[in-house]
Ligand code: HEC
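Only one chain is included here, represented as structure tokens and corresponding to the form predicted on its own.
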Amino acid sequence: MNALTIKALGFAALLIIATLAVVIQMDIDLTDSINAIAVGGAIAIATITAYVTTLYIGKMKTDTATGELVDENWDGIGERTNELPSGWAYTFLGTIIWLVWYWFIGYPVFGFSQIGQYNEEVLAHKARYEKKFAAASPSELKDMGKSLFFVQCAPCHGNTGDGLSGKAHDLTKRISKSEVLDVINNGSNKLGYPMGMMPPGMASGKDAEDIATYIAGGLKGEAPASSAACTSCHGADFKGNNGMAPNLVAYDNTLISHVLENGKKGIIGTMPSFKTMITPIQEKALTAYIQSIVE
């Protein structure tokens, strides 16, 4: 037995001893199949590493190049037409077999899942939450909504809802003139209202300016003649035709629900959908709080 083999075996033994020491120290339950597979894999890797190291380093010292030298070369370094080493081929095949075994038998697809357990616990908690606060009073809803706002909304809209000085939509105001103009010029098809997409270019020039000024100003005074193009969808009172289109007068429950469910393109990026992130009671609470901070 040469020095290289002795060193390789010694290294493998050291790795195996270290692995077993960890198992003993951490009191790992080897009756669990996953733990047993992990420990067995560690021992196998140590053994295979020692074997491969001994085999191929030894060959590097004694083997000579064989096979036909191909014409192509890179900086004078050529390649030979040798067959793929059987060890590589068997290793590749073995990994595929192991993958199939592990996927369907060793760790079955429909077996226990930590992610699945977490999702079940989250759903159970949401159900308890909904039941507990099903009859929450308006003041309780507002307080709950405030807490939710600080966690979910404040990072973009600010603690006061002011939009962090123009970085996001200012929730303390209904809508700004620039935002109205942006929708008039570019259209909108994100909120999922029954009336469908608002096409771009419904008005232009002075007509668009007059509409934006009127809506951003709280619809006070006489409506400009050009705003007739808006009433076909938003209604003569601009309140959204009973939920068929966005309410341009106030943050009503329907509008906030559509935004939370579908998300919305914003100044600093796209607001994601919160459809699966909050419960119906939480949506109701968040709506109550947002409506309370509008000036």
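Because the structure is a prediction, the values reported are computed rather than measured. Residue numbers here begin at 1 and follow the sequence given.
One more form of this protein, predicted in complex with ligand HEC, exists but is not displayed; see below.
Contact check for A13, I37 and V52: none of the three has a heavy atom within 4.5 Å of ligand HEC in the model of the complex.
For the options T66, N242, S232, T31, the residue carrying a heavy atom within 4.5 angstroms of ligand HEC in the model of the complex is S232. This chain is displayed alone, yet in the model of the complex one of L219, L164, L191, A136 has a heavy atom within 4.5 Å of ligand HEC; that residue is L191. Contact with ligand HEC in the model of the complex, judged as any non-hydrogen atom within 4.5 angstroms, is confined among 70-78, 110-118, 192-200, 89-97 to 192-200. Residue contact check for A44: none of its heavy atoms lie within 4.5 Å of ligand HEC in the model of the complex. K142 falls outside the set of residues with a heavy atom inside 4.5 Å of ligand HEC in the model of the complex. Remark: Y251 counts among the residues lining ligand HEC in the model of the complex, judged by a heavy atom distance of 4.5 Å or less.
Proximity of A8 to ligand HEC in the model of the complex: non-hydrogen atoms within 4.5 Å are absent; the residue sits far from the partner. Residues Q152, C153, C156, H157 are the members of 132-160 with a non-hydrogen atom no more than 4.5 angstroms from ligand HEC in the model of the complex.
Cα-Cα spacing of A154 to I267 is enlarged in the model of the complex versus the present form (difference of at least 3 Å). Between V151 and I268, the Cα spacing is larger in the model of the complex than in the shown form, differing by no less than 3 Å.
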